[in-house]
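Here you get one chain, nothing else, as structure tokens; it is the form predicted alone.
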């Protein structure tokens, strides 16, 4: 049995603190949102043994970009779904990550665009 030293106790406390703060993050990932609506992985990734990467073409089968741009037209400082760079055709995956936390792609250049991205 290992010796219970002050160093080991401190290490255990530090690790438990970081683990609990990581678990306390309440971010709901998009795969969880899709699953809650009854979508299976194969709906986006296909049935192949090796899962296919999901392209924007797959996203727009369910998510109409023009309707989405109209829905977010009043977002300030600008509409993230209709912009001068790509119009309404910005690749969804630039911001919306399905299996990890999404990010504000616009904010990498436009610091005042502090969009909250689901």
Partner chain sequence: MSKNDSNKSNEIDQYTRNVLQNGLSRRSFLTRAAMGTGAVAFTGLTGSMATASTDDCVKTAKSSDGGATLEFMPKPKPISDRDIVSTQTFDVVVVGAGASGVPAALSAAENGAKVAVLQKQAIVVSQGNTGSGIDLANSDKAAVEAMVNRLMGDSAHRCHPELVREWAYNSGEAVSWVIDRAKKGGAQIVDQGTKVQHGIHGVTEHKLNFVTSYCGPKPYTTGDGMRALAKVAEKAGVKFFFNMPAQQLVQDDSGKVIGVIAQDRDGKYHKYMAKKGVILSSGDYQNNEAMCNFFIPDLKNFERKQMDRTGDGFSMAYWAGGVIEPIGHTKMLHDFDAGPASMCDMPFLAVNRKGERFVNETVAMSLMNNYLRDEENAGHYSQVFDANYMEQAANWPGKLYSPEQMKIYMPEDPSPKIGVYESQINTYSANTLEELAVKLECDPKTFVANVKRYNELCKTGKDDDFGKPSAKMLPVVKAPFYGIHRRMRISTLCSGMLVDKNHQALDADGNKIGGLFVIGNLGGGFYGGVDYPLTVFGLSLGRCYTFGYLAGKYVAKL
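Numbering follows the first chain given and starts at 1. What you see is a predicted model; the values in this text were computed from it and never measured.
From this point on, the text means the form predicted in complex with the partner chain, which you will not see here.
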If we test each of 60, 35, 29, 75 for a heavy atom within 4.5 Å of the partner chain in the model of the complex, the one that passes is 60
With the partner left out here, check for me: in the model of the complex, does some heavy atom of residue 85 sit within 4.5 Å of the partner chain? yes
The partner chain contact at residue 96 in the model of the complex, heavy atom, 4.5 Å: no
With heavy atoms only and a cut-off of 4.5 Å, decide whether residue 68 touches the partner chain in the model of the complex. no
Given that the partner chain is not shown alongside this chain, does residue 116 nevertheless sit within 4.5 Å of it in the model of the complex, heavy atom to heavy atom? no
Across 95-118, which residues bring a heavy atom to within 4.5 Å of the partner chain in the model of the complex? 105, 108, 109, 110, 111, 112, 113
